[in-house]
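Okay, so here's just one chain, in structure tokens, the form predicted on its own.
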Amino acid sequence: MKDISSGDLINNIPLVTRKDYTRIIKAGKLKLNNKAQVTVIAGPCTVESKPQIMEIAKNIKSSGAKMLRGGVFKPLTFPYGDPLGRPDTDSSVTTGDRWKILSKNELFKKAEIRLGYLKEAGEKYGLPVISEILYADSVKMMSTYVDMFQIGYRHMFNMDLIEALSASKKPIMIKRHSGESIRSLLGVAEHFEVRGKHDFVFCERGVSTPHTHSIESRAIVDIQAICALNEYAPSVMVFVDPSHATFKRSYVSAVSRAAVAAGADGLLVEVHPEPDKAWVDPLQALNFKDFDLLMKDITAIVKISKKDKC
């Protein structure tokens, strides 16, 4: 991978790397462009039911979270399962029988129900909502329910999404792919900039490397990326997703604290009332008690760090 050069700053990424630029990010009624504080977005990997998302919204709000996250369209690693995240509870069903591809129309109808739950929970507890988008032709439908779009790491270079979301009035969170460089992430952001879309934030999700402490490790959180992005694109908020990066509940709080101390502007944290029973990714979500403790830690770190560590 190439390093960022002086030529890149002039010819390839001149807009996203502007130094004296004020970026306006507004999700619902929440202004996100205040880099003097840490914005925590929390919620389940998957919206499972109305009672579930209501309970989560209530608890994360009381702990100090500013936004509610909830997945509906799930880019699952393997095709054998519900594309909306519901687990297969019938062990007698064979793999072939489980592979039932829904039509786009069927998928959108099912997703819209859960997006409705997400929006209702956000409105009840005063939390703007964010959800991942997979399909460019779902922008209009999802815009009715979400206050911010998340581009997952698998879709960082999806040009259909870039084109569709550039025309949207909703802000965007761009996750860096685990195999892509900071230079590539800035290049994606520049694609939005030249199309007139300036209200986006970055999210560091970790990088893939064979040199880990465990063969099961999904990724290593690149703390240095926080410093690099703050240096090269100071107007863009930098979030960190410690949940999907570590894939391990016992690591989430420690990595979150490290990210905030290093200068991250926000966190994207998975929270579930019963983490072990979560439909998707049950290994990483925090319960309400642990999330509340994390929020207290973050408040303390912000007070002593002043967010200027890098």
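All residue numbers refer to positions in the sequence shown, first residue = 1. These numbers were taken from a predicted model, which means no experiment stands behind them.
What comes next is about the form predicted together with ligand PEP, which does not appear here.
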{"query": "Partner-facing stretch of 256 to 264, 22 to 30, 52 to 60, 238 to 246, counted where any non-hydrogen atom is within 4.5 angstroms of ligand PEP in the model of the complex", "finding": "238 to 246"}
{"query": "In the model of the complex, the residue from G126, G116, P75, P79 that sits within 4.5 Å of ligand PEP by heavy atoms", "finding": "P75"}
{"query": "In the model of the complex, the residue from K140, R154, R195, K104 that sits within 4.5 Å of ligand PEP by heavy atoms", "finding": "R154"}
{"query": "Contact test in the model of the complex: Q150 vs ligand PEP, heavy atoms, 4.5 Å", "finding": "yes"}
{"query": "Any residue of 102 to 132 that, in the model of the complex, places a heavy atom within 4.5 Å of ligand PEP", "finding": "E132"}
